[in-house]
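Single chain ahead, written as structure tokens, the form predicted alone.
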């Protein structure tokens, strides 16, 4: 009998489970029928590409990688503009749709993603020009509002908020960003590194208000459109307002079905195979992936969220492997999702920012003592055209001296360094080993003594003499 797989959610997690299953569909003798249900009317959209579309680098339409018809042509029951209203795990695996239709499944993947966190003062407003930034529909509204706008206001000093602020500034809008201390992207950067990012963005024309005492006290409008935002006693002109103060896991469906939700992260609890948990057991034919899922931190071993595309892609591989392992009865196909290090890279107004592992503050909260070293150096020989400075901070466990975190800012070579240092953390490389490791050299590509060496020596208390 044909195996039925139902995927709830068409974000990166759900789409990659679908893509992976399609690639192996012919290997299922019984046959494999795939259904994907998503609220949006689009197909596969690269949400990560939307901030750059707002900068004007390309049109928002370019971010739709595959239209729904692409999947329909491959035999997928690809349902857009639709929504699941109930999951019933007990009654022979039943999903009830808003239309009243009931779908039975052999395997269910919950990929419901995230929803924006919104302060009460914003929830009460119905003014035009006030938006969240969570999907392509939001991006279209923001882009339309930008055309006649002169002043922009962003609430949120994480990656999403800064990307939107960078887009506004790049398009000539006078931009103010409001957030809480201590610094920018506090979940990924220590204050000293966050302050460097803030200084760069201030030069790009963005004004920052980072204040723990003040909050948005009012959003004022004129003729039904937003006019200004009041912070404390100051009224800030704003023709467009974007709220990007964080994303909450969208777990309402799972919670109503009795699936366990993490107390700290508020994400769906899974085992390493990505099975969801209900009561005292993990459900063998129900999985969850993506922004709605709780993960285990690779350094602190505590539960947290990792709402990033790279995490969803890996989780989707694990789910695909385990669905086929179950269908075919082959244990050698089984795989697991390892604790997360959260490698991150982003472009803010031309400054590349990267991080992996823990920040000093996160390590301290987990009871880990650390030593760190920071260095700034060019990415290639000083006499070579295109040489740019890069600042690197390395964080080591104070006792083992193993690398547990890295942060960097520069105009080049950031993403590849993040990946390199993620491997170093997984391998348990120490500061001494990093210092004495041979590295490639060519004056057009790299320095003879890389910034990594200087940062490791700084953590060891060694003064560089090169």
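Remember, predicted model here, so these are calculated numbers, not experimental data. Positions refer to the first chain, counted from 1.
The form predicted together with another copy of the chain exists for this protein as well; it is not shown, and the discussion that follows is about that form.
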Which of 236, 216, 309, 173 has a heavy atom within 4.5 Å of another copy of the chain in the predicted bound form? 309
Using a 4.5 Å cut on heavy atoms, which of 318, 358, 184, 241 is close to another copy of the chain in the predicted bound form? 318
Counting only non-hydrogen atoms, choose the one of 243-251, 139-147, 381-389, 258-266 that falls within 4.5 Å of another copy of the chain in the predicted bound form. 381-389
Counting only heavy atoms and a 4.5 Å cut-off, does another copy of the chain in the predicted bound form sit next to every one of 24, 27 and 426? yes
Taking 4.5 angstroms as the cut-off for heavy atoms, does residue 78 touch another copy of the chain in the predicted bound form? no
For residue 376, is any heavy atom within 4.5 Å of another copy of the chain in the predicted bound form, or not? no
Partner contact for residue 34 in the predicted bound form: another copy of the chain, 4.5 angstroms, heavy atom: no
Contact flag, residue 282 vs another copy of the chain in the predicted bound form, heavy atom cut 4.5 Å: no
Residues in 36-66 that come within 4.5 Å of another copy of the chain in the predicted bound form by at least one heavy atom, in order, are 46, 48, 49, 52, 57, 58, 62
